[in-house]
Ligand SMILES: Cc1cc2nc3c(=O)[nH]c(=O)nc-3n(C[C@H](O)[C@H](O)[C@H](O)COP(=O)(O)OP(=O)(O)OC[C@H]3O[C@@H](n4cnc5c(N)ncnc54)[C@H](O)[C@@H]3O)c2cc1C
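Take a look at this single chain, the form predicted alone, given in structure tokens.
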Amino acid sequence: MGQVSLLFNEYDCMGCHACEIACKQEHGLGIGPRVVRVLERAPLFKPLFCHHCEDAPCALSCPEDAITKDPKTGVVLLDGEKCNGCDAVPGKSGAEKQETSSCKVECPAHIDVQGYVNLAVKGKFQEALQLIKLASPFPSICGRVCHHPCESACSRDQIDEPVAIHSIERFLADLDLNADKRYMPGIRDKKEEKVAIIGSGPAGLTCAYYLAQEGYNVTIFEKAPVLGGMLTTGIPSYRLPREIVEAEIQLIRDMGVSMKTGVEVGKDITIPQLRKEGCKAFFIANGAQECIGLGIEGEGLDGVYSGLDYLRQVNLGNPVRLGENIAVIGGGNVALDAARSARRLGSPNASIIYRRSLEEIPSRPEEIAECQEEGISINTLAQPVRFIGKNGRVKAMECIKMQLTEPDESGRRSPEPLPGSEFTIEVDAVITALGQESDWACLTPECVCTLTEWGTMNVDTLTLQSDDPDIFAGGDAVRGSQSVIEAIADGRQAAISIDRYLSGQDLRLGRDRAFKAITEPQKEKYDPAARAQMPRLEPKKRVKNFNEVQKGFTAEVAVQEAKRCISCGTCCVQACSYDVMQFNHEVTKAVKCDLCVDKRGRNEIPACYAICPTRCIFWGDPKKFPIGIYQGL
């Protein structure tokens, strides 16, 4: 039997709901309509046909093996006997099970967190890794340096503490890194189109990863002598070992992506030249690696370094000896990393100066704790006003104490100088870490891209397309200095847009999906259980070298921690990109369109196809239908 599919032509649909009614009458399934906006048209009813995806994420995410793909027909089947509704309690959390777990909602890349955590409970570590990599290619990196907003939103804190999600993610990724044969996604047939990516940071590498899967000829151009962007030059190896980044980059290279270092687009080669050489689309992911200055007296003295320049030298193997007494200005990760690196390189009296309170410092709590464990003081509510030098080198820093104003309309308090509170600190060196901006030398006069008043690229927030139709941008180049996971999210979305652009598809169609978080999860059957703590090197040992501080979970600890997940939603519902999977609260199980597989063997047709008055539903071999039939992509 050949492949048969249901296809839907949205333009001929008049929204009569006849297909929905016929399906419910015949099967009693909970499949219903959803409202979408297509090409700025009015909201439109659309039936929820299962796409029977080639690599069905619903099947991958199911910890009970209740969803399988028939090898002969390609139909994705759901076994109602095996399905347990992801531990749904009858009468509890029924309607909300159709919504999304807050961990996935808050993750910028919308990784199916509940899915991979539940797979880990079953010991399905490979499947869990594959599920993560549907949305992010770098679990080994995010498991170390992500600020894990998923944990901040974890509903387990309604019982005790959030699940240690990023530690489980790291465990799964490290298993793969140490495997004899690493997981590599399947690559579709090679395409002729060439795509150029400017920048090899997390956004650029992610875009390359997903475009390579689609078969595109991808080349990354990196102006630095090494690949990885901030992953390599901005994050010290005690947080993110170099071999981890190199292994992830090598996997992308093995997928067929070409990578060129020491090539500055805009200088060594230009976008117009690349167009002449056959590049059909571009993704600008040049990051934000130009440091913002303080703009105060003495900033040009010897011994005053910018945070990123200092870390770049350290990470490239050219450590700068600063002396015993150093001050780092700022409160973000760059500031803490600079202070901790200096401590490791022989500056015992490293301190941080931050103009707001400790509660407002943007670094992660665990980073602050580790910093303080290493003997680095954090001096809050203070700000430098000038650097004092002797013979051209900084020797002291004059600061002023700050006070916080009353909260404004947003609830945020602003720091203001406290008159007459000036004081002086003697220093051997100063590192400033106040933020970064992008270098736009890659844009030649022929490019019509525009920048915002903040110096970031103007793009469509949904598609990441710039004013130049063939140029897309993401990561820090669009957001300003933000997180690794946000850059990863942009890289994947850019890859989707570029694929659609080169395929002649609509870039916006079906992509404005809003996730609704589950707020009242089932908690009744869960007892309090202590959160697993990440083991770390002792402070006295770790300040002498750049060895990785956090040691990682064992398999036993990872599984035990994964069991703390309270299964807010339903794994298959959250894994489906098309809203096809439905949670039936009456039987506390999942249901979905099965393509009327039982009828196929009897040469019968499905009720939806038979009843459609406008014949906008098609039944048959999808290869025989005309190009442009909408399938809900």
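Position 1 is the first residue in the sequence shown; the rest follow in order. The model shown is predicted, which means the values in this text are computed figures rather than measured ones.
The same protein also exists as the form predicted together with this ligand; that form is not shown, yet it is the one meant from here on.
Contact with this ligand in the model of the complex, judged as any non-hydrogen atom within 4.5 angstroms, is confined among 172 to 180, 283 to 291, 526 to 534, 452 to 460 to 283 to 291. For the options L308, V76, V430, I252, the residue carrying a heavy atom within 4.5 angstroms of this ligand in the model of the complex is L308. Exactly one listed residue, out of A558, I198, V163, I111, brings a non-hydrogen atom to within 4.5 Å of this ligand in the model of the complex: I198. Contact check at 4.5 Å (heavy atoms) against this ligand in the model of the complex: none of G115, L131 and G143 pass. Heavy atoms of E248 never reach within 4.5 Å of this ligand in the model of the complex, leaving it off the interface.
For the chain shown alone, Y216 is not a contact residue for this ligand in the model of the complex, no non-hydrogen atom being within 4.5 angstroms.
Using a 4.5 Å cutoff between non-hydrogen atoms, G234 counts as a contact of this ligand in the model of the complex. Although the partner is absent here, I168 lies well away from this ligand in the model of the complex, with no heavy atom inside 4.5 Å.
Within 4.5 angstroms of this ligand in the model of the complex, the stretch 217 to 235 places a non-hydrogen atom from each of F221, E222, K223, A224, G228, G229, M230, G234, I235, taken in sequence order.
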